[in-house]
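Coming up is one lone chain in structure tokens, specifically the form predicted on its own.
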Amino acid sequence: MAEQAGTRAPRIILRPAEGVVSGEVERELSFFERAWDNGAVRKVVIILALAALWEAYGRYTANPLLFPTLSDTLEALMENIRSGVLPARAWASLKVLLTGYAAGIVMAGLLTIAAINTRLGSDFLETMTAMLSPLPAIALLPLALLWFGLGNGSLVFILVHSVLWPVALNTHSGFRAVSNTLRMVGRNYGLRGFAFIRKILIPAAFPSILAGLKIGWAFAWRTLVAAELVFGVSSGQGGLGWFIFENRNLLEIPSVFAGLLTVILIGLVVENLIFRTIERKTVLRWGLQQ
């Protein structure tokens, strides 16, 4: 009809873009492109950029009492490591942290099991989480000192409070989000009780569980350091928090930053070596996350 009317359809000519070889479907990535595709490389680049900014800002202020340079901080870090003070303080903090973290996880697991099996348990967990989760753990330190005295028991008590509620809340939410299809599959195979939880609910809800464990670790770590700033003054001993407080009183600001850097480095190691390894071997391998 268009030809009979004396008109022609417009001709569209596709030409390859400039610099692109016609017929090229794929090409080999360069070394830098392959390296940048690695998440660990990108994280290292970010850390190096932050380190450069730290060093530049420290040199710009030129006041080590306010903001020491990264080189001064690293020098103080190595001195305290060689003297054995910093490793001893870090290990003292980690021992208390692991004790409170493990106790909080066990209690969160018991509360979650009760919550998914009984209505009363679910109501109890939701009520206690709403009441106590917004309460800062450090606010309980004066009561902990009255109840448990000057010892690690007080620190473990507030660490349990920091870990218990985020782990329990995330685990319970993950269990409730498990689809009815998976639940029916488990029941069709005759799974009941703990076997049903272990083989159906935990694998399906593991992304939420792992997120709760990460949040609980972060809360516990920062709560411990903050508590040691107070508790160390009371007992005359402590971990990294007491190390930071002690050097601040002595105006050893590079050592203060060395203590803070140690806290950061431990957090990076736990996140990228422990939690990331667990995530890679579980939720990523199972296809539960991208």
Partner chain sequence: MAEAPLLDVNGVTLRYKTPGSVVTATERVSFSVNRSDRFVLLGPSGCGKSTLLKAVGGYLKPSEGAITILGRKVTEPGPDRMMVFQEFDQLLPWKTVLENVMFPLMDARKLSRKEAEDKARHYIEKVHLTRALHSYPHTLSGGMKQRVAIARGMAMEPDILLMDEPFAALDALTRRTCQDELLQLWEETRFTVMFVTHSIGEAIKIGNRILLLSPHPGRVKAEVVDVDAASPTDGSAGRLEKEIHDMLFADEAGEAH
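Computed from a predicted model, the values in this text were never measured in an experiment. Positions refer to the first chain, counted from 1.
As for the form predicted together with its partner chain, it is not shown, yet the points below apply to it.
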item	value
Residue stretch of 197-205, 103-111, 78-86, 149-157 approaching its partner chain in the predicted complex, non-hydrogen atom distance within 4.5 Å	197-205
Contact of T127 with its partner chain in the predicted complex (heavy atom, 4.5 Å)	no
Proximity of Y189 to its partner chain in the predicted complex, heavy atoms at 4.5 Å	yes
L143 within 4.5 Å of its partner chain in the predicted complex, heavy atoms	no
Any non-hydrogen atom of L98 within 4.5 angstroms of its partner chain in the predicted complex	no
Partner contacts for 156-188, taking its partner chain in the predicted complex and a 4.5 Å heavy atom cut-off	S179, T181, L182, M184, V185, R187, N188
